[in-house]
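The form predicted alone is given below as one chain in structure tokens.
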Amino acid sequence: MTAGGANGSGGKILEVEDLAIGYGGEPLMEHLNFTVSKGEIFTILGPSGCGKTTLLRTLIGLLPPLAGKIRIAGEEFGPEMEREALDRLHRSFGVVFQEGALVSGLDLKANVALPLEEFTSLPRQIIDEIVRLKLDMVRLSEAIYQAPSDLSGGQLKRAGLARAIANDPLILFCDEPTSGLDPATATEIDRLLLVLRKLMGITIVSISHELASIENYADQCIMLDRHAGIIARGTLAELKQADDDRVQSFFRRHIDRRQEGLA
């Protein structure tokens, strides 16, 4: 099952131009160029350690770019922005972190309310209604007063999704959304991402090395190599036909894992 590009409007919601990323001024990858269309599910894939998380952290502003430009909805995004403009851009996207990143001392209701309290001046009653709506969208309304420690791995992923969509963002960034989950729970998260895209018209940028999930939802993909940057781009079917040993090695590893799992 592939999501397809039917929901994409063709307009560019995220543009990355000649981007260099890394730590302490030392580039990990350079000359990264890609665009993400409004309404599509765009997946950044590659083996563990190739730089996917570093790229994601740069796209959401946790790491400064070493060079190049990032534009969200036509507006350049960078640490030199005025605070008001930076807050406005932060409101335009949500982030689902790999480990959930929920505040352990708060229940789900308080966790999901955090971005609404930080970025809006809505009255408490409206915030509470939005929180209940978002938890219902991810099928967690019955757990509204539970602590993160009381949740399963799949519930934590869904709770992270609820918090990430609290502000109705234009873009949802997902860091390995199905990592560490059993296959049935991972498929449930994949389907939920497709439902949220349909209900909200949201654009999703996901990083993953889980081929099964990529097959479930990806419209467009890029593959990263730690030394060469982007080594393939297109639909998943197009990547599988790429004439590059590094790309084919990625797919062979996943085929081997599946065969081992069936043995």
Partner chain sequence: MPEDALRVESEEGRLIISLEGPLDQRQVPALWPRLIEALGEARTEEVVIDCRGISGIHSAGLAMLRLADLECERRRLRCSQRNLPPQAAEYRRYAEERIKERREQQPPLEPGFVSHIGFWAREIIDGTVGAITFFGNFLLSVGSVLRRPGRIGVTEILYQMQKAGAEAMPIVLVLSALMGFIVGMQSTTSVANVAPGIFVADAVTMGTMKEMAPLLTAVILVGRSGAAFAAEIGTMQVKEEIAALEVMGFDPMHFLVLPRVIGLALAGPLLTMVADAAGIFGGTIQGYMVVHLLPLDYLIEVSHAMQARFLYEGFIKGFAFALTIGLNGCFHGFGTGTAAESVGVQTTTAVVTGIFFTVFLDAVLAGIFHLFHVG
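Numbering follows the first chain given and starts at 1. We call the rigid core the largest set of C-alpha positions that still match within 1.5 Å between the two forms. A quick note: this is a predicted structure, and the numbers were derived from the prediction, not measured.
FYI, the form predicted in complex with its partner chain isn't displayed, but the following is about it.
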query	finding
Its partner chain in the model of the complex: contacted by all of 121, 130 and 191, heavy atom 4.5 Å	yes
Listed residue (75, 117, 136, 99) with a non-hydrogen atom within 4.5 angstroms of its partner chain in the model of the complex	136
Contact label in the model of the complex: residue 155 to its partner chain, heavy atom within 4.5 Å	no
4.5 Å heavy atom contact, residue 168 to its partner chain in the model of the complex	yes
4.5 angstroms heavy atom contact with its partner chain in the model of the complex for residue 62	no
Its partner chain contact in the model of the complex: residue 184, any heavy atom under 4.5 Å	no
Its partner chain in the model of the complex: contacting segment from 230-238, 197-205, 38-46, 213-221, heavy atom within 4.5 Å	197-205
Heavy atom within 4.5 Å of its partner chain in the model of the complex - qualifying residues of 141-177	141, 142, 144, 145, 149, 167, 168
After fitting the core, residue 174 CA displacement of 2 Å or more between the shown form and the other one	no
Relative Cα spacing, residue 191 and residue 152, in the model of the complex - shift of 3 Å or more	farther
Direction of the Cα shift between residue 134 and residue 180 in the model of the complex, where the change is 3 Å or more	closer
